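This document starts with one chain, in the form predicted on its own, laid out as structure tokens.
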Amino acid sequence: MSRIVRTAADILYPAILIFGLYIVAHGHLTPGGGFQGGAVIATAGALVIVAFSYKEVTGWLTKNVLMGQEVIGLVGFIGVALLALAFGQVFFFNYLAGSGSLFGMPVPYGINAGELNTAGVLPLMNFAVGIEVWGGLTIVILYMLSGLEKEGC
């Protein structure tokens, strides 16, 4: 692609990453969450793949790194759910809700803008799902575009 497209991609890439992380972080307060935020972040990868050549991008984004990202997300999600068993609760119990610790503040009563430090384990699970979807969808995009590489595009 042209220098203009590459420069625009360089400028938009961090903005898309930040927006995706915003959607992941506020998933328990607004529409969105880990899957939607991870999909937005994966589109940043698609933008880079379109702006640069497939060979350049596969030099930066290796399949093993993205698969590792998927594994970290999945293990994080199951790990947060399993930690409930350590607290003597059932699997997937929201042990942080109302605890006063990280993400454990009680939800203010009445109309409010929404407190980020609420919802217990839900934000942690949103982050885990976001990391997993980011890696998984980027791998799918890389596989789809690998066909173009074989055709010489």
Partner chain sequence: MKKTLVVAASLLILAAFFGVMAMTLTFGSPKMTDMDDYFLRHGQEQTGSNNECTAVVFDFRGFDTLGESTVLFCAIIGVALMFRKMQGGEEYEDE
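Bear in mind that the values here come from a model prediction, so they are computed numbers and not experimental data. If you superpose the two forms and keep the largest set of C-alpha atoms that fall within 1.5 Å, you have the rigid core. Residue numbers count along the first chain shown, from 1.
The next section is about a form of this same protein that is not shown, the form predicted together with the partner chain.
Peer 1: May I ask you to state whether L74 is within 4.5 Å of the partner chain in the model of the complex, using heavy atom distances?
Peer 2: So L74 counts as contacting the partner chain.
Peer 1: Against the partner chain in the model of the complex, would A42 count as a contact residue? Criterion: heavy atoms within 4.5 Å.
Peer 2: Result no; A42 lies far from the partner chain in the model of the complex.
Peer 1: Taking the partner chain as it sits in the model of the complex, is F52 in contact with it (heavy atom to heavy atom, 4.5 Å or less)?
Peer 2: F52: no contact with the partner chain in the model of the complex.
Peer 1: Using a 4.5 Å heavy atom cut-off, state whether S146 contacts the partner chain in the model of the complex.
Peer 2: Yes - in the model of the complex, heavy atoms of S146 and the partner chain come within 4.5 Å of each other.
Peer 1: May I ask you to list the residues of 72-94 that have any heavy atom within 4.5 angstroms of the partner chain in the model of the complex, in sequence order?
Peer 2: Sequence-ordered list: L74, F77, I78, F91, F92, N94.
Peer 1: Superposed on the rigid core, does the Cα of G114 end up 2 angstroms or more away between the shown form and the other one?
Peer 2: False for G114: its C-alpha shift is below 2 Å.
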